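One chain follows as structure tokens, the form predicted alone.
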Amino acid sequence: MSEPNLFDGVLAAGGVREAVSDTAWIQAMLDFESALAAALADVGLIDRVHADRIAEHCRAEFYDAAELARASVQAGNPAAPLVRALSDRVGDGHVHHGATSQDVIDTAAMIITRNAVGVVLEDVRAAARVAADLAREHIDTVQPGRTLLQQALPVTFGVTAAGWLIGLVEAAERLEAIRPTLQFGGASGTLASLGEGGVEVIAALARRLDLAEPVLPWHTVRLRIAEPAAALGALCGVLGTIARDITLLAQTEIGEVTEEGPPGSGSSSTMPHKHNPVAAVAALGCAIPAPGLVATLLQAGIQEHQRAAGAWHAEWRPLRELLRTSGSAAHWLRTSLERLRVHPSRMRANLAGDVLVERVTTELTPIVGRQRAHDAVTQCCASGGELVEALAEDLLVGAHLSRERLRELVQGEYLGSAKEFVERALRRVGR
């Protein structure tokens, strides 16, 4: 049993923690060995009785992770001591027949990735459902739009939530498109020890493990690692963006959303008045490391000849950590959205008085030209006076637009296709 980690409650949260645990990795490696024996029996290379006996001993609870870790120092990987321990328990020579350690660990990585991504997707889909509900509920809730952290034209909170929704859905689709693939090539990728039966065993083994069958072993062509890594990194970009939005909108000075969690959540150790959006903060904390882990995995994709010296080993830890941190980010983002309380009145109150002044420029453009209109309106905004009066008194603007028309332009609605965009997003996800 691994030592508890002080930070795991925050940084290894949700179901993905167990999906990438030492026990899960050991079981995935044993699943490979059990399926390999069964596949060898399927094609007649060993008797079924041997395969059944091997399967009986392919249970993670029979093996000590700490002992395997210590023994892996000599072999350079944990598969070798696990195979030896399994062989000792089984008591015959059919364990691991035709395989090499990289086959075991790479295939285990595919099983772990498949299982962990399944957990991640559960949280992403749940978060998307909440985002869809928020988009529908707030389709007409006017909110300040913000670009470069300054107020721009108004949007609706429905548009904001619809943007979250589509990001989550499209990131999930990229993960769903990945097909974890069997690795089985033996010592140099030719399965020489299986004679002419190697390809037949590959097909049987892929079926047994429900993994895609490769055209040939991919020992040094690491796309099967790079593809989920890139998709997880992109997902964390989406998760982190939503979490960042929530933390900014929840600032005391903004107050447009709050997280309403169970008693005690969001409290400060020293300031009683504080109510922190802790789930969104945790989602950010888990999403931020992802790009660095992806970069390490992509760098490790540069490998040599039939089997790499070091680059393969460099993948193990960042792959597990990327799965864990991505899953934790998805867990916390889902939690944040489920706790989210929206404050429409604060959104409308926060609208700056001059954000609709672009409409004045738009109305003047056919008359005086865009640049002259833009310059005149910009000067009025910078005057510091009451906006309608400044516009009306400007020689260019006042000559063409009355005070009444100016008031209509800067105080009315100006939301363009916001509602249609929300509806399009909801149709896209069948909601």
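One-based numbering along the sequence shown. Predicted, not measured: the structure shown is a model, and the values here were computed from it.
Just so you know, the form predicted in complex with a further copy of the same chain exists too; it's not on screen, but the next bit is about it.
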Residue stretch of 35 to 43, 395 to 403, 53 to 61, 366 to 374 approaching a further copy of the same chain in the predicted bound form, non-hydrogen atom distance within 4.5 Å: 366 to 374
Looking at the partner-bound form in the predicted bound form, is R207 within 4.5 Å of a further copy of the same chain by any heavy atom? no
Any non-hydrogen atom of R317 within 4.5 angstroms of a further copy of the same chain in the predicted bound form: yes
Taking any heavy atom pair closer than or equal to 4.5 Å as contact, tell me whether L11 reaches a further copy of the same chain in the predicted bound form. yes
Taking the shortest heavy atom distance, is L68 within 4.5 Å of a further copy of the same chain in the predicted bound form? yes
Site test, G76, I288 and Q303 vs a further copy of the same chain in the predicted bound form, non-hydrogen atom cutoff 4.5 Å: yes
Report the residue, out of M110, V117, A171, A127, that has at least one non-hydrogen atom within 4.5 angstroms of a further copy of the same chain in the predicted bound form. A171
Pull the contact list for 171 to 202: residues with a heavy atom within 4.5 Å of a further copy of the same chain in the predicted bound form, in sequence order. A171, R174, A187, S188, G189, T190, L191, A192, S193, G195, E196, G198, V199, I202
